[in-house]
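There is one chain below, alone, in structure tokens, taken in the form predicted on its own.
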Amino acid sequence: MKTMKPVDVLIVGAGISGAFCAYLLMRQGLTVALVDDPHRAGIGSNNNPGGLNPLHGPGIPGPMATFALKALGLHREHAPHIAELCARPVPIRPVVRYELALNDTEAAALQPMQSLYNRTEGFAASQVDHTHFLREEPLANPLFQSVLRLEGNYLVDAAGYTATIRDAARALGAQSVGATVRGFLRERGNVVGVMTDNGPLYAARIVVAAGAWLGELIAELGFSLPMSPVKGQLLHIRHPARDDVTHHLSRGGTGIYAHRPGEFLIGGTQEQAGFDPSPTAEGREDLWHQAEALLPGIRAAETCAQLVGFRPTFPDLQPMVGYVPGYTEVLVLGGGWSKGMLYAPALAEAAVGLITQAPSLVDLPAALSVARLQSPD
């Protein structure tokens, strides 16, 4: 690799959070290099359903509610500028979601969801009668007790969206480096860069946005962050009988997500399997079984791929952003679990605020501080 001039900020990890961070930093006039490990590229940000659902998830309703809504707002706010920079549409759209209940317990759980949607600006929820829903989704399980129609969420094509944000950062002048980071470079006790398998890279600030590998990289600095990679499997299917379907079907943690015309993602599993990237027969069967409760004949669909992604997960299921204690040159950014795609621009904006010392951008719940989980080795 040709020796690269030092930059203001080096971002380790080119997934959705790293890409947004690069884009926002470039808009602030800083010089940025985005380091993407070719052996890990896309295994987190690309292999997920792409739902931007701010009224669901840990701490919602609760301490994460305002932050989640802000994150969705940032996705929508930046989309026109990103489209202009890339000279192509941004793959983001509003999506209707139908939440099905098959028993009394599930039906009762839909009531607070309906209330939350209807009291949140920009969202709406309504009960749908059997006849109307079966006209909308004639292949659905006819034994459902109730259906809730949810409006206000958004959907992205995860891989295409992440690539578009990266391209926007490059259009603004961000450099892109394909390399594996092997460790940090230090001078007189300060971190001044990283060593890669292709040579050193130097920067005044380093943002570690390495997804599920964040904890491994930070450990070299003498701190332990209890991050684990939660393995998630998805089925990418083609179902010609549903070519015109653009809505989602959900039941609890199970979803059938409209991906492209006639194509859908079934998700997802949650497994503690370390960094094992292998799709499994057990995972595939579990996904089919979950999906059949929503669409009984769905196994007739063509399987395009079985995808595996790693959700970077802390014990409290919340992300974090901030400086590594003792190092004013190194920030960590990530740990969004199943909400990583949603939270990315808000986490990135907070990181930019810390780097540029713009307090107005650092709008973080206390629950996202680095110190809450970090402990000295």
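These numbers were taken from a predicted model, which means no experiment stands behind them. All residue numbers refer to positions in the sequence shown, first residue = 1.
If you look for the form predicted together with a small molecule, you will not find it shown, but the lines that follow are about it.
- For the candidate set 206, 71, 210, 174, a heavy atom within 4.5 Å of the small molecule in the predicted complex is found for exactly one residue, namely 210.
- Contact with the small molecule in the predicted complex, judged by any heavy atom within 4.5 Å, is made by just one of 180, 145, 303, 120: 180.
- By the criterion of a heavy atom within 4.5 Å, residue 329 is excluded from the residues contacting the small molecule in the predicted complex.
- Within 4.5 Å of any heavy atom of the small molecule in the predicted complex lies no heavy atom of residue 32.
- At the 4.5 Å threshold, heavy atoms of residue 128 stay clear of the small molecule in the predicted complex, well away from it.
- In the predicted complex, residue 47 approaches the small molecule with a heavy atom inside 4.5 Å.
- With the small molecule omitted here, the record of contacts in the predicted complex names 226-234 of 294-302, 102-110, 87-95, 226-234, defined by a heavy atom within 4.5 Å.
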